[in-house]
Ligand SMILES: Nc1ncnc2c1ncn2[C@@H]1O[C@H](COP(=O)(O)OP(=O)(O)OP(=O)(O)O)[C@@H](O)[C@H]1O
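Listed next as structure tokens is one chain, alone, in the form predicted on its own.
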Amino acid sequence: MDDRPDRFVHETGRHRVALLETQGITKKFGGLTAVDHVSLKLADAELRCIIGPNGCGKTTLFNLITGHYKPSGGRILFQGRDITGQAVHRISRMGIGRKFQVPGVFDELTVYENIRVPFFSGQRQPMLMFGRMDAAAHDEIMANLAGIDLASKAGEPASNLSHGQRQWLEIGMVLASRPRLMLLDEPTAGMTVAETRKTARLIRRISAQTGISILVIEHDIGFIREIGGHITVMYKGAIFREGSYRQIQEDPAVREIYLGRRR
């Protein structure tokens, strides 16, 4: 039986629930509290950025949501379903896809084959890497590549791609698994200014065209401004502020801990 939910809003009785909700989630490593009672709600089709200084708990929060870490306290709900501490593969099958800071592409495979792997895994069907497949599947894979502007690179080894293109390929790989929620951890790290702007446009387009909820960790304030959406500021493991880009930019306390340190 497929663990993944359908593409519609989940309801419990008459009450509409958040797609993702963390309830007082906490993670301690010995005497260090990396995530401190974080309560966060993410709606269907929402695009949100999480910012904060290094070491504030952003990536640890992602690791808790995806099952890489087990929380010390609190709960995590996905479409109203308690997924706290479940195995990584089960959480992935429920519809949570993640892109890590360092692109995890397969250099020895072509760009096309990199998309083909999660495409068939998402369908939970067996795949022969060099076997035949139907035209509909091929067309969908090529449409995925076109969406990340890599259709012209389909037959090339992934090792030939630039750094920015590798980042886009991994976003395409996450999309190929058909998630309901995408977690993007610093998707513009190491990119040029032009690549960063293109990535912002790509993420906005994915959000608008697919209805997938997207949660982004990022440091580049120019990227945050271009991507739009709601912003959550973390500081010392906890949620410090939430609001629009303008509200966050004009908040003197946020500028003191984060924005004022960057140009």
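Throughout, we count residues from 1 along the sequence that is shown. Keep in mind it's a predicted model, so treat the numbers as computed, not measured.
Here the subject shifts to the form predicted together with the ligand, a form of this protein not shown in this document.
You can rule out all but one of 224-232, 204-212, 190-198, 50-58: in the predicted complex, only 50-58 has residues with a heavy atom within 4.5 Å of the ligand. At the 4.5 Å threshold, heavy atoms of Gln101 reach the ligand in the predicted complex. Using a 4.5 angstroms threshold between heavy atoms, Ala238 stays clear of the ligand in the predicted complex. Shown alone here, Glu186 lies within 4.5 Å of the ligand in the predicted complex, counting heavy atoms only. Although the partner is absent from this view, Leu40 stays clear of the ligand in the predicted complex, with no non-hydrogen atom inside 4.5 angstroms. Shown without its partner, the chain has His219 as the single residue in segment 211-228 with a non-hydrogen atom within 4.5 angstroms of the ligand in the predicted complex.
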